[in-house]
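Just the one chain here, the form predicted on its own, laid out as structure tokens.
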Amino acid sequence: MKATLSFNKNNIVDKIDRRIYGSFIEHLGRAVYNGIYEPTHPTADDMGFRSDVIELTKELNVPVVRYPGGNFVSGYNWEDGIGDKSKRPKKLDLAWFSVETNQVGIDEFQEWAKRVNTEVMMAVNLGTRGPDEARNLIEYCNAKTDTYYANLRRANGFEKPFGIKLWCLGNEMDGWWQICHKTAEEYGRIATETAKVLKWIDPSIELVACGSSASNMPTFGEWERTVLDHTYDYVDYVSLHCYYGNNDNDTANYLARAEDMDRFIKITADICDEIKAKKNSDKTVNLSFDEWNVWYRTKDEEKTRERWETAPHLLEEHYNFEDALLVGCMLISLQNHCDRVKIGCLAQLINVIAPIMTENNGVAWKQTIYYPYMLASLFGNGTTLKSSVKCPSYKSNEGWDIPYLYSSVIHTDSDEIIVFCVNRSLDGDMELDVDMSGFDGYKLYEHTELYSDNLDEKNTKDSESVKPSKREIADKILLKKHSWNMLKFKK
């Protein structure tokens, strides 16, 4: 099979905002407790954080981490997680039917974020709570004033403000599963009033309004129109969430899911612009794709497990090689839509549908999806170029034409070209021709490949069988069947 990838130096999409390579940690399962925080672990630091997890996270170069949820935030009282740990209450978490010990809260999490060189993306509870609690929280986190909550932060040992600049106005409020789920009208009103008080206290922050929890939600479209009708003047982003799975054991259709992600982004951006035109506004609301990943094997396990455990093994997907291929495709989708998607959060980071897994009091290891995420974060920075692909295609179950080659092209600040590409063919290698107008003299100097002949191959704590390798540079670029690739060109 042959394919041609064409692009022009002057035909750009936009500069990539590094925050598209963000992630997410929720108080869910073992993401926090026995994930980032395990005081009895041999590698635990002075605050009880696992140093081995810190190092694996730093390797990913994660720019921002969303916290503390997720569904959890819609029933969360942030005051429970600050101050003297011996006085923090244990609470029932109705989002995941677990016991929350509150031994980690914003006091600890903002410190963990510093230790992994990332920023906090803070979510406020607009389920059981509202603007009053949100304004108190931002005063606690960001205010320099001689006032109650700023002084409470100081009394708890933090003289300097945390300086959190990115805030989510609730989580998935369109979903029936959400604690205190709201209609679009109800949510639009409370989100607007919350946005006003947050920006009155700290005008430098950016705000994310809840969009649809998935593109197949029955309210998708009308939800965004109603919410943005209320919030447009006050928010900077609207959120999108999606998870995909190979429930039908149809790998070809599974690898086509990135096309659905593309459609979701385009439609949501169009709705934002529709409201912009309706309001005759000069402001553009962009997109925060702050939950995305593969998740399907463990989706229903919370319905059958024992309730009210502390840090249960929950939603611990064991990813295989074909999952890594789709994650690679989804990253390509975010890169190609960097003109509108400015924030992305792989959900989640540790143990819970995550690239990093840990064993209680044991080792930490990298799942298969770790590598396309890491390499995109490390090398996928610069300006995305518009590109076109000529290659054979196949039909998805929806009847869409799916090109076997799925790719993005990035012109880096160091004047290199990085091509991320997936050969979605399950049985044929691909000979790739790259036509790069305006880049005379550029040659391929590095080809990194993620490949396994076994689509079901997994990494374990004992064996890392799926990991990148370097291919020898030859006269022709060859992409193996069902492979993820990173190609580097320089002059």
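For every residue, the number given is its place in the sequence shown, counted from 1. Treat the numbers as computed from the prediction; the structure is a model and nothing was measured.
Heads up, the form predicted together with ligand AHR isn't pictured, but that's what we're talking about next.
Residue contact check: residue 158 to ligand AHR in the predicted complex, 4.5 Å heavy atom
Result no; residue 158 lies far from ligand AHR in the predicted complex.
Whether residue 28 contacts ligand AHR in the predicted complex should be assessed with a 4.5 Å heavy atom distance threshold; does it?
Output for residue 28 is yes: heavy atoms within 4.5 Å of ligand AHR.
Should residue 410 be counted as a contact of ligand AHR in the predicted complex, where contact means heavy atoms within 4.5 Å?
Flag for residue 410 set to no.
Is residue 71 one of the residues lying within 4.5 Å of ligand AHR in the predicted complex, judged by heavy atom distances?
Residue 71: yes, in contact with ligand AHR in the predicted complex.
Residue among 291, 224, 100, 323 with a heavy atom within 4.5 Å of ligand AHR in the predicted complex
When ligand AHR is considered in the predicted complex, the option within 4.5 Å is 291.
Tell me, out of 200, 177, 148, 308, which residue has a non-hydrogen atom within 4.5 angstroms of ligand AHR in the predicted complex.
Contact check passes for 177.
Partner absent here, but in the predicted complex, which of 201 to 209, 79 to 87, 361 to 369, 348 to 356 has residues with a heavy atom within 4.5 Å of ligand AHR?
Heavy-atom contact with the partner occurs in 348 to 356.
For the stretch 74 to 111, I need every residue with any heavy atom inside 4.5 Å of ligand AHR in the predicted complex, listed N to C.
The one in contact is 96.
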